[in-house]
Structures are given as C-alpha cells and as structure tokens.
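What follows is one chain in structure tokens, specifically the form predicted on its own.
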C-alpha cells in the first residue's frame, strides 16, 4: 500500500494485438512508481497479467493484477468512496492539480487505450493532462505518479523478490537473493 491509501491503475480499452507492449509497460511503470494494483480492461489478455506478476515475483513487491470485464461499472462503484483520476490530454495541467488530489482514501488512475467513454470525464474527480498534445500514456503515468506520490522508498516497497539490482555507476550488479 502506498502511504495510508491504496493506489490502483486501470488500463481502459486494451487491445490485445495492438497494445500488448504499451499495456505491459504501463503495468511495469505503475508498479515501479508505487501502485498497489493494476487492473486490465478491454480485451482479456493473460500475457500482460503474467508479465506483471512475473516481474513482481522476481524483483519483489506486492502488486495485485487482474482483469475487469465491466470497467465502467467498476469505476462507478469505486467513485462512491474513492478518488478517480483520469489521465487525458484534454484535462487540466498536472502542475496545477496534483497538489489538490487527496491522499487519504483509495485512488484509481485511469489510463485509456482506445477512445474512452465520454462518461469517464464526469465520473472522474480529476481529469489530468501531462500535456495537451498527443503523447505516450506510459510517460504520462510515470510523470503523474512521481509528481503526485513522490519518490518510492524501494527498500520497503519491493521486498520479497528473488533478485535485487544494486545501483552502480558502471556495469550491471545483480544480487540473487535466493542464493544468500
């Protein structure tokens, strides 16, 4: 859990053949920047969920991943007690609104793939833009999460993995924790 509240990322409108790499990278970015959960919606795709689970198993952390067949129903229920944040190039500037978004109740960050339902703009508590030009949703998610949540304390967030990357100025240093 991130701080005192749970952060989920909902990948809305995933298309298995067209979006598999970008969706995979969205989940990895969500994990690396502190999400507790990644929810896949659109075409069901076990490969994305398997990738996210595999990375968490190898590198540590407790990322919950699952498919949601009815994402708009899920969002309507979530909005009753949680904060819905929609990343969209049509939203308000992240620099303006990031400080206004509460951190005292569960939150879901919605990242669309295909054209999102117009209803999402009214369900969302915050429609947030990283830039008002077409850009990568992976980059938008990383920028937003870092600015809203701040730096991740990696030692505690990613405990329990099989391997650990040791920061190094040159070369690769990886510790196999299962051998120790």
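Numbering follows the first chain given and starts at 1. Please read all numbers here as calculations on a predicted model, not as lab measurements.
Not on display, but discussed next: the form predicted in complex with a small molecule.
Peer 1: Of these, 116, 55, 152, 123, which has a heavy atom no more than 4.5 Å from the small molecule in the model of the complex?
Peer 2: Only one option qualifies, and that one is 116.
Peer 1: Within 4.5 Å of the small molecule in the model of the complex, heavy atoms considered, which of 49, 41, 28, 130?
Peer 2: Residue within 4.5 Å of the partner: 130.
Peer 1: Give a yes/no on whether residue 35 approaches the small molecule to within 4.5 Å in the model of the complex, heavy atoms considered.
Peer 2: Flag for residue 35 set to no.
Peer 1: Report whether the minimum heavy atom distance between residue 108 and the small molecule in the model of the complex is within 4.5 Å.
Peer 2: Residue-level check for residue 108: no, no contact with the small molecule.
Peer 1: Can residue 75 be called a contact residue for the small molecule in the model of the complex at 4.5 Å between heavy atoms?
Peer 2: Taking the distances in the model of the complex, the answer for residue 75 is no, it never comes within 4.5 Å of the small molecule.
Peer 1: Though only this chain appears here, would residue 145 touch the small molecule in the model of the complex if you measure heavy atom gaps against 4.5 Å?
Peer 2: It does not: once the small molecule is placed as it appears in the model of the complex, residue 145 has no heavy atom within 4.5 Å of it.
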